[in-house]
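Take a look at this single chain in structure tokens; it is the form predicted on its own.
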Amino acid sequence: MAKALRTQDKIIVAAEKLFSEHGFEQTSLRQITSEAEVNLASVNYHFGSKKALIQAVMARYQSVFMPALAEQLYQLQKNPEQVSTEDVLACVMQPMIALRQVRVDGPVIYLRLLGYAYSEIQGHLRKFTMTNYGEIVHEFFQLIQQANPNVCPKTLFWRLHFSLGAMLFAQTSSQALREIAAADFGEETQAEETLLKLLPFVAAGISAAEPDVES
């Protein structure tokens, strides 16, 4: 049993490394088995398919991130009449930091994987996420709607995904941005501060008035 667990962990760690560097589509099972130093039969035995392996890699992060997000949302709802867009978005901060439990650079790795999930249209991952954590996702969206009663759900859908794109860029490019800020403005910042700087900008975009569309 211990050997089996070690083999499974080796495969997940190798897959996570390669997926985060090259994406899901550009990473083959043979590359993963070579990195993990296991045979292809081991991958098929433990996971059954590449899709299942992708889900297992994401599950390592979501099993930490989603419960932490649920707790933050629960605390926020204790004063529902005072909820703002920035308050709801801020609920993501602590869960992101909690991803360091998975690995030191967990927040960056998770967002890279999430970025590939969207850019490569990994629909099975959305189904996997909604099956396991759909209630938390819906709760987050409902709080965003509550904070923006004058913005229609369809518009909020687009704006939230635009915001996700901004978050992916800010986090995955955090080191480069901080180096530029230090060189050009003499500002020394920590990695966590990047998202804190982003929150007011994203919140303002989500909560902006609906555009007037001429008929």
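Start at 1 and count along the sequence shown; that's the residue number. Keep in mind the model is a prediction, meaning the values are calculated, not measured.
What comes next is about the form predicted in complex with the DNA, which is not displayed.
Which of 63 to 71, 36 to 44, 165 to 173, 151 to 159 lines the interface with the DNA in the model of the complex (heavy atom within 4.5 Å): Result of the contact check: 36 to 44.
Does the DNA come within 4.5 Å of any heavy atom of residue 178 in the model of the complex? Taking the distances in the model of the complex, the answer for residue 178 is no, it never comes within 4.5 Å of the DNA.
Any of the heavy atoms of residue 49 lying within 4.5 Å of the DNA in the model of the complex? Output for residue 49 is yes: heavy atoms within 4.5 Å of the DNA.
Although the partner isn't part of this model, could you tell me whether residue 28 comes within 4.5 Å of the DNA in the model of the complex, counting any heavy atom of the residue? Yes, residue 28 sits close enough to the DNA in the model of the complex that at least one of its heavy atoms falls within 4.5 Å.
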